[in-house]
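A single chain, nothing else alongside it, follows as C-alpha cells in the form predicted alone.
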Amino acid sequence: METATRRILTSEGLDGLLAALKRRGYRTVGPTVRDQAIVYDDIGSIADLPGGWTDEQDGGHYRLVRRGDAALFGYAVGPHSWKKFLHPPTLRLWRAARDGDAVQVVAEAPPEQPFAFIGVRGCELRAIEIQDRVLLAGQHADTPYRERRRGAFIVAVNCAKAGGTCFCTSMNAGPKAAAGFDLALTELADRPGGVFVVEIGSEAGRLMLADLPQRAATEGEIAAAEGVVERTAAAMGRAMRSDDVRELLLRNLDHPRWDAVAERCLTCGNCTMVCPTCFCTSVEESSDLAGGETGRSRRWDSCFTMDFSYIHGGAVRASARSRYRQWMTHKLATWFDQFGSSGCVGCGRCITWCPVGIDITEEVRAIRDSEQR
C-alpha cells in the first residue's frame, strides 16, 4: 500500500506506537545499547533506544561514539540482524520423553507473540525479502521460520547515516526503505523534541497510526526527509559494481586472488554469522544421561567450517581458499541461479566484523582490475 500522504510523529507519538504494539500483543524488538554495541533486543519504550549514540565502522573495526544530538536512530547497523529472531541461532525442533512403555514426542511450540520489529533499515528489509524467498517459497517451506514471520509488524527507518562499510546503494537495497514495511520513519534529528516523517506501507500500518497522536507533514518536512536519504546515499563507505558480478566471478574461479585472500582468512565464519541472509544450518540430536529424554535441535552452521562439506572420506572444501571462494561466489553469483537475486544487500557487516578486515568489495574490485589490466 503506497500513499503520497506523509504524517508526523513526535517522540511522544513514537513512544505511543511502542505502547500500542504491546497492548495488541506484539513482542516489540528494536535497537538498544549493550556490551558496547547496538544490538537488537526486547524494548519497552523509546528510553531503551540508543539515543545520542552512533557507530564508527571500518574493516575489522566497530566502536560506539557519542553524537552531538539525541537522535534515536543515528547509527548504521550493528552485529545483529533480524535473522536472529526469524531464523534463530539455536532452535529445538522436538523432544521425546519416555512415559512408562510409551514415548511421547512433542514438537517445539511456535512463539506465543507475533514480532514487532522497530528500526528496520532498507538493506534489512531486502534481507528479509531474500530469506522469505529462500525459506518460504517452493514446496517445502521452513515451518519455524513461517511461524515466526507470520503476523510480524515492521517499522522501518530510512537511514540518516551511512556506515564506513555500507554499500547498500551498490546493491539497490537502500538507504531508503522501498517495500515490505507497515510504517517507515525518517528521523529529522535537527528538529527539537524529536520529529519523524512517517510513510504508510500497509493497511495494518494505517490502522495503527490512526490511534496515535500525529499530524500531516508539511512540504518542508517532506523535503527535509528526502534530503536525509539523499545525503546518506551520497556518503556510502564502500562501493561495488554489481551488474555483472555473477559473470565476473564465475569466469575467475581459478584466479590467484583466492590464494591471496586465503592467506589472511581465519575461516572463523564471522561473516556468515553476521550476514542477514546466510541461512545454512546443521541438525544435532542429544539425550539425557538417564536415557529418558532425547531431542533434536537446529543451529546455524557455516560453509567456513570443515565439517560443513564433510562426506565419507573427508571434506569437499578442505582449504581456506576453497571455503572463502564458495562463500563469496555463492553470495554474489550462484545465488542468482538458485533464488533469482543476489544474496548480498550491502549492509557491510561481513567487512566490519571480520577479525582481519577482509573486504568483499575490495576482493571483487581486485579481480575486476586484473581483467582490465
Partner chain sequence: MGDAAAFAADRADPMVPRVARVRRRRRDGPLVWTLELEADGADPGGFAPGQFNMLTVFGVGEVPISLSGDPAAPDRLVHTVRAVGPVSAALARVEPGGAVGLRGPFGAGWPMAEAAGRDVVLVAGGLGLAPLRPALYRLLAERERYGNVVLLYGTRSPDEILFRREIETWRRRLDIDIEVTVDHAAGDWHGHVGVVTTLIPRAAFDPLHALALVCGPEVMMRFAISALRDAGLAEEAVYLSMERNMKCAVGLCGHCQFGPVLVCRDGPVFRFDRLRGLLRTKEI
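Here, rigid core means the biggest group of C-alpha atoms that superpose within 1.5 Å across both forms. Residue numbers count along the first chain shown, from 1. This one's a predicted model, so the numbers in the text were calculated from it and none came from an experiment.
The same protein also exists as the form predicted together with the partner chain; that form is not shown, yet it is the one meant from here on.
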task = May I ask you to check whether Q338 falls inside a 4.5 Å heavy atom distance of the partner chain in the model of the complex?
result = yes
query = Is K84 close to the partner chain in the model of the complex, meaning a heavy atom pair under 4.5 Å apart or at it?
reply = no
task = May I ask you to check whether R231 falls inside a 4.5 Å heavy atom distance of the partner chain in the model of the complex?
result = no
ask   = Taking the shortest heavy atom distance, is L135 within 4.5 Å of the partner chain in the model of the complex?
value = yes
request  = Would you mind picking the one in D69, D307, D42, D35 that has a heavy atom within 4.5 Å of the partner chain in the model of the complex?
outcome  = D307
remark   = With a 4.5 Å heavy atom cut-off to the partner chain in the model of the complex, the contacting stretch among 160-168, 265-273, 100-108, 220-228 is 100-108
message = Check for me: heavy atom within 4.5 Å of the partner chain in the model of the complex, for each of R206, Q214 and S342, yes or no.
response = no
query = Using a 4.5 Å cut-off on heavy atoms, what residues in 285-301 are near the partner chain in the model of the complex?
reply = E285, S286, S287, T294, R296, D301
inquiry  = For a quick test of reading the superposition: does E293 move by 2 Å or more at the CA between this form and the one not shown, rigid core aligned?
reply    = yes
